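One chain is shown next in structure tokens, namely the form predicted on its own.
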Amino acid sequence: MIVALGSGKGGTGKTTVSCALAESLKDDPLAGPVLLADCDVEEPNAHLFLRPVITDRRPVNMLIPAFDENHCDYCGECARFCRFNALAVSPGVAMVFPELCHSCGGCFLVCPVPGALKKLSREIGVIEKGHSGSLGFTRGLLRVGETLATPLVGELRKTLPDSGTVILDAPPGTSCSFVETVQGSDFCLLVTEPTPFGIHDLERAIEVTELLNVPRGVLINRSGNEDGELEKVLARRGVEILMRISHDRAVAEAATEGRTLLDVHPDLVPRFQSLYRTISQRVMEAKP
């Protein structure tokens, strides 16, 4: 089962919950082998809490075009086709902007001159694999200066195992990399907080999961006396609250020291295991 953890905004505690859920399940026979995949490739930070031993590291490359001036006649067909403006052609001049290229390959298809465009490989990041005790771990790490996180997330998802339980720590927000992480998952657990910004951005995340046809539920972090408005929104949208974690300054202090939620509240382990069983039931109910 693949469970993606998302949030409409950053700072809701999504990674904190992802790590706690994964650690709670690593010795749970119902979950089988557990792997946490940090899909926030622009700023992965689950490793700060899990401290994994990295055993494998491989680069991820994208194909980009390059002009061969001995063959190019500067017709400009490739530049007119490219919707991302990664190519620019004028009489006697042809340029490629690699950072804008999405590696769709369309320019090679429309180029009328054989050999005018060559295929080059450009590294955009790396995928690392390892383990934290009995917990499997993997993450994508986008190269500094790169803007295309989505292809790296896609490559990371291709490496996921076909058995056991996979916890996907999705990027914050509802951008393309969030969509790439969540689509195809069995369930999306949305971690939110009872604040105006938290509620607003949670609604956007709910809408995305609805469009992707991924079952969803909510975990309220820093829950307290201000949950009322959030509860009204979720009731109106028909989204179930699956768990609440009370506001606790000690958890925030622990995070600054690289300690996990379970280091502060080991009593949450059975609650996370119960959450997993509820998610499993919701997944079964959602199957046709």
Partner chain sequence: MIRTIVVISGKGGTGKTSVTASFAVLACDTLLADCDVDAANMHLVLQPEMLKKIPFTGSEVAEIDTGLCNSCGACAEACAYDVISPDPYVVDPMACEGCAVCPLVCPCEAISMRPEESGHWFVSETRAGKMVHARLHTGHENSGKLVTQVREVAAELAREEGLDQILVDGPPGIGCSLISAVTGADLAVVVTEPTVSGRHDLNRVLDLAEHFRLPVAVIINKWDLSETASDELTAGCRERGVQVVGRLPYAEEFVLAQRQGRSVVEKEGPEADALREIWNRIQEILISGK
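Positions refer to the first chain, counted from 1. Rigid core: the largest C-alpha set superposing within 1.5 Å between the two forms. Just so it is clear, the model here is predicted, and its values are computed rather than measured.
Unshown form predicted together with its partner chain; subsequent notes refer to it.
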Exercise for the section: Look at the candidate spot formed by 33, 52 and 153 and say whether its partner chain comes within 4.5 Å of a heavy atom in all three of them in the predicted bound form. Expected result: no
Handout entry: The single option of 113, 160, 120, 110 touching its partner chain in the predicted bound form, heavy atom within 4.5 Å
Key = 110
Completion exercise
The listed residue (164, 173, 184, 133) that reaches within 4.5 Å of its partner chain in the predicted bound form by any heavy atom is 173
Problem - Candidate stretches 238 to 246, 65 to 73, 52 to 60, 34 to 42, one within 4.5 Å of its partner chain in the predicted bound form by heavy atom - result: 34 to 42
Exercise for the section: Mark residue 215 yes when one of its heavy atoms lies within 4.5 Å of a heavy atom of its partner chain in the predicted bound form, and no otherwise. Expected result: no
Problem - Contact flag, residue 28 vs its partner chain in the predicted bound form, heavy atom cut 4.5 Å - result: no
Exercise for the section: Indicate whether residue 208 is a 4.5 Å heavy atom neighbour of its partner chain in the predicted bound form. Expected result: yes
Practice task
Considering only heavy atoms, tell me if residue 255 and its partner chain come within 4.5 Å of each other in the predicted bound form.
Solution key: yes
Handout entry: in the predicted bound form, residues of 179 to 195 near its partner chain [heavy atom within 4.5 Å]
Key = 179, 183, 194, 195
Handout entry: Post core alignment: residue 176 C-alpha displaced by 2 Å or more between this form and the one not shown
Key = no
Exercise for the section: Would you tell me if residue 110 moves between this form and the one not shown by 2 Å or more at its C-alpha, with the rigid core held superposed? Expected result: yes
